[in-house]
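Quick heads-up: it's one chain on its own, the form predicted alone, in structure tokens.
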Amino acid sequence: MRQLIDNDYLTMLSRLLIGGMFISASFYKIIEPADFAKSIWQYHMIPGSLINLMALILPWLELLIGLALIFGFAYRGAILWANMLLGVFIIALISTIARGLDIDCGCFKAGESATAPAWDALWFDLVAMFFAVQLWIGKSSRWRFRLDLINRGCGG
């Protein structure tokens, strides 16, 4: 089992899937922060005074996480953030389902044209969490950006 978890190709697949997911999710939110703020509000979980701030910061965090995972810089931090955010998203979706709220998740598109109801988004996030956990516990370091190699190459 450990050999599968540490597999370089599975790790790269996980990095591309999770990184691509976070980058894709960030685009509309960066372009339409007001629509994203409305999506956050629909969950009724965040104090009103924090919604706009969250709508401005979260998409850029998602973009940075995605880029860091794909290119392999700030790797452990990016994996930690990806797992934490997926955990928060899963909790928010479970809460939405338990409270019977009929909203779209706002994951990849906000407002009326959102991509999936809460159940679909929950299953998607649970599968994504499988790959994110693999990144967290896996030991593969192949194809990562490493500062120590750059420093050696510059005479440092």
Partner chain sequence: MVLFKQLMTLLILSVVLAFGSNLVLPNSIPFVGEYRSISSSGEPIVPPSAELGDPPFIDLNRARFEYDLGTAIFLDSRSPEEFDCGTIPGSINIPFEYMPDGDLTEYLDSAFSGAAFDKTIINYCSGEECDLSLYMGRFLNTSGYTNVMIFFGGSREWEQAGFEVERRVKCDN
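Because the structure is predicted, anything quoted here is derived from the model rather than measured. Numbering follows the first chain given and starts at 1.
The same protein also has a form predicted in complex with its partner chain, omitted here; what follows describes it.
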message = My question is simply whether W41 lines the interface with its partner chain in the predicted bound form - judged by any non-hydrogen atom within 4.5 Å.
response = yes
ask   = Would P117 count as a contact of its partner chain in the predicted bound form, using a 4.5 angstroms cut-off between non-hydrogen atoms?
value = no
query = Though only this chain appears here, would F71 touch its partner chain in the predicted bound form if you measure heavy atom gaps against 4.5 Å?
reply = no
W60, heavy atom within 4.5 angstroms of its partner chain in the predicted bound form = yes
key: Candidate from V88, I94, A34, L126 lying within 4.5 Å of its partner chain in the predicted bound form - any heavy atom   = A34
inquiry  = At 4.5 Å by heavy atoms, is each residue in L53, L80 and W136 next to its partner chain in the predicted bound form?
reply    = yes
